[in-house]
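Take a look at this single chain in structure tokens; it is the form predicted alone.
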């Protein structure tokens, strides 16, 4: 698993360094500051291949390039291999070769690596199927360097060129799940169990019968029971449901295939698993977002009960951060935040503190909002606060601020009305208020000023 990563002249920051935790690593930051880029680099560090190089149907995962071609660019890292060997390595970019170069020879074995892309695609590196082999005492890489799935490949299957022939390396979710359902074996039961884990409490998936989409489509399509129908073809399910089903399938498929390949090679399954997730909350309703992280940890622990698991997840969701509060362990977990300061991208390791209410995460270092309100309400309150701070505001300033709060549709239950209502009553007595201006809503208890 990855211990540390240091980038110089690569990506949006001139220099970037992070020391990862052994179990859970959360990554936050605004759009465009490099969260997805960092996950791509982590995948490359572990597998030595960029996702887009293995499947040009992807819309992401392109090779990293120096920010300044005239300056040295390097990717340095420390990791622990599947055999518990420590590796320190630095790769530099060669402008002449247009590639990242380093020491020749057999690379490290990082264990099983699964990367869930934000668009629904996946990348999988399997030490039993993708690692180098010995032939005649020589190290050769005659096997595939990795499996990279576009969203379509996840559902319909993936073909690859092996030995000059096109070979089907994955049947895809639709064909595999249908086969598991027909067999009524352990894999079908495990798939249903994984789906039940991923669904929020009270909304567990119930697998339905195999169905056909049309008279001209010979495929048997798995279905699920929904509150409004007994058998909804999975292809007709909502985006969030398909996202969860895709996650369940790739986690189960990657582990099943690894175990089978290990048996054929007469070797033990790996004891190290690294899971990368870009926008873990993608397409999910808030009720699903607040359980998905815990579910992923439980699924990983169940599927890989004899392995060490490292999870690295990028997120934009305050519910993901809030859902981490009951499970976060400072001895095994870490939170990293990327900010833009004085036009420079900066990454910091933040102290993870439970904040209780989800809205408190919006105003934390993770998301940097001034207030957990609409932008219009925030602007109106800032205008009102400026009036409150003014020792001698004009009547017009008070009236404008009051009108701004009302025009912003600040709800009656907003705690700011307690402070503002009392202030307006002292500055604008009722007899002097305009006829069309209603008094501020009455409040029984005080609330925060922001």
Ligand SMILES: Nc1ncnc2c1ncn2[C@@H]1O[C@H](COP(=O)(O)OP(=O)(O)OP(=O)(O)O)[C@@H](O)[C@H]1O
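Here the structure is a predicted model, which means the values were calculated and not measured. Numbering follows the first chain given and starts at 1.
Below: the form predicted in complex with this ligand, not depicted.
Only one segment in the set 36-44, 387-395, 416-424, 403-411 has any non-hydrogen atom within 4.5 angstroms of this ligand in the model of the complex, and it is 36-44. Note on contacts: among 298, 316, 219, 355, the single residue with a heavy atom within 4.5 Å of this ligand in the model of the complex is 316. Heavy atoms of every residue among 11, 32 and 279 are located within 4.5 Å of this ligand in the model of the complex. At a distance threshold of 4.5 angstroms between non-hydrogen atoms, residue 64 is in contact with this ligand in the model of the complex.
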